[in-house]
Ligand SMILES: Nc1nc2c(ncn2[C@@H]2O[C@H](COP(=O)(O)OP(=O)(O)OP(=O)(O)O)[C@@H](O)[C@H]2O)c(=O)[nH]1
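Coming up is one lone chain in structure tokens, specifically the form predicted alone.
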């Protein structure tokens, strides 16, 4: 307990349009790679939790899919994820892009937050970019969410880690008192298998974003964890994983494999590099490709991979 005060504890839903920098912001705030990042809109498909423990208490950031209006089943499922996070969180962190003028899509996001204005803080991101227009977005916020005053609007650059401390101070000030939800050793509550699939998907998206931006997902088919044995010469536990990159059509498999297997090899090696930085284990990855015909229209698949 802090002298004279109780500690704070809150869930913070991070909401905004696609590609405003929500995942980059969560990663910087948490100081660890919690959410995957790419130039492809709506890379985030699930509610990703990143945990911050400070003297003031604990904030659990819930990174959500970018809100984009579409009647497609896949997109509606993503919107369910972010809508649920908005309703269930103690605080909403509304992230806007200073380099993009607000339009109908931004107005839809703001309209979603009107009933929750009293628990919303706005962060205008990408202030480092040429043409960044904070004044224009501040005027938009004032019109759409008049309950949010200057004390709850912040100029930040998630990429350059600027303005983050003032933003965090405001979030802690708004957070209710309470006991922490997680132990201090946690910076995310993601399961190992989920983190593996996300890292592989990130590396695949980076290399295939022109051909397959949303037409793939990753699943772990099998894994085996070997602990360090007492008399073993190995100093590291070992994790062996067989995973599949799943595409929608047979014709797409060749794009993922690449000429002579070069593409899938590059994805595997890049994913391994990231995984070995995250986990203190020796990791072996068997990566393959298969087809899940029209998976984006399959309710069972969508329920399994979007949560």
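All values reported here derive from a predicted model rather than from experimental measurement. Positions refer to the first chain, counted from 1.
There is another form of the same protein, the form predicted in complex with the ligand; it is not shown, and what comes next is about it.
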Which of 150-158, 112-120, 173-181, 215-223 sits within 4.5 Å of the ligand in the predicted complex, heavy atom basis: 150-158
Is there a heavy atom of residue 57 lying 4.5 Å or less from a heavy atom of the ligand in the predicted complex? no
At the 4.5 Å heavy atom threshold, is residue 17 in contact with the ligand in the predicted complex? yes
Flag residue 82 as yes or no: does it have a non-hydrogen atom within 4.5 angstroms of any non-hydrogen atom of the ligand in the predicted complex? no
Hey, in the predicted complex, does residue 65 get a heavy atom within 4.5 angstroms of the ligand? yes
Proximity to the ligand in the predicted complex, single hit among 246, 40, 255, 52 (heavy atom within 4.5 Å): 40
Checked 193, 87, 128, 211 for heavy atoms within 4.5 Å of the ligand in the predicted complex; positive is 128
